[in-house]
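The data below hold one chain only, encoded as structure tokens and taken in the form predicted on its own.
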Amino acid sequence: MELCVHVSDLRKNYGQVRAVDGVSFGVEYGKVFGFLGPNGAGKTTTIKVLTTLVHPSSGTVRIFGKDIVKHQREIKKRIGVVLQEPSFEANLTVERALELYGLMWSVPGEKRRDRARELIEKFDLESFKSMKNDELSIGQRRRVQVAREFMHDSELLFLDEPTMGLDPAARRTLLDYVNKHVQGGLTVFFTTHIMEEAEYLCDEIAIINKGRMIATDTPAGLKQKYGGVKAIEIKLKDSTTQSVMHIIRPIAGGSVIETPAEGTIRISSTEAQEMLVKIIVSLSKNSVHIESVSVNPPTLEEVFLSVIGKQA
């Protein structure tokens, strides 16, 4: 299967500093590829190479089957890019800035105006569409910055922390809009520090740290591979949490015990199933009634922290 993005042994040096060190991965057409890592891991440098802003020091990058260095101009015409750095036309109104961006991409007049109206509605820009960009808040500017990339029909969209500065409602609107276009065939390369976003949107996730790729899989696959710790949650029927702690603690050993609400006990353990059986038996012997029990898989954030922690 031909890949939309194919990266092989990519390296990028800045003087004596190696920002990206032998990274390899592939992105399928029509998928959302999450690229996660801590600050300074090499995410933004990788994106700058993939979007032709900087040249690789070594390795190969092919986008749409074409070499990124040899076919730079052709590739740039087919991609959209939202980087972390703010980018806006200070003296233009929001509405005018969107239309100008469409004009730059040679979008025909009527289609350009229709697209601008659609984006103003979808990204909730109506209340400030007549304001100049330099009069907007950081979150408002970010919404405009992302919205304008949909003024033209890109085949591959790079989103580097696109929800930075957005409130929860605006974040969900953006993610849903991106997902709608993915269903229509758009391919997305996505970075974020918000693990819930990655889990909600991404088909596949790669984790990079210190310039090197350390894990790649689907969100479910990463949880299965690296999420050894599971959370036991027990809800008591008539007893208080404190009244049963003398029963729970010896069984839990050194595991983390939390009480998120009265009558609820949560324990994180790598041996969740075995521990749960022992706790149920002990509570039953002591006439403690249980309302419900559950064993929850780890969150993507817990997996991320576990994988990164092993590289420390």
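Please read all numbers here as calculations on a predicted model, not as lab measurements. In case it trips you up, residue 1 is the first one in the sequence shown, and so on.
From this point on, the text means the form predicted together with a small molecule, which you will not see here.
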Contact flag, Arg212 vs the small molecule in the predicted bound form, heavy atom cut 4.5 Å: no
Contact test in the predicted bound form: Gly253 vs the small molecule, heavy atoms, 4.5 Å: no
Contact test in the predicted bound form: His193 vs the small molecule, heavy atoms, 4.5 Å: yes
Residue contact check: Val288 to the small molecule in the predicted bound form, 4.5 Å heavy atom: no
Contact residue in the predicted bound form, from Gly40, Gly30, Gly59, Gly263 (heavy atom within 4.5 Å of the small molecule): Gly40
Answer option from Gln224, Thr93, Gln84, Ser239, heavy atom within 4.5 Å of the small molecule in the predicted bound form: Gln84
Candidate stretches 244-252, 31-39, 61-69, 266-274 - the one whose heavy atoms come within 4.5 Å of the small molecule in the predicted bound form: 31-39
Non-hydrogen atom within 4.5 Å of the small molecule in the predicted bound form for each of Val17, Thr45 and Glu161: yes
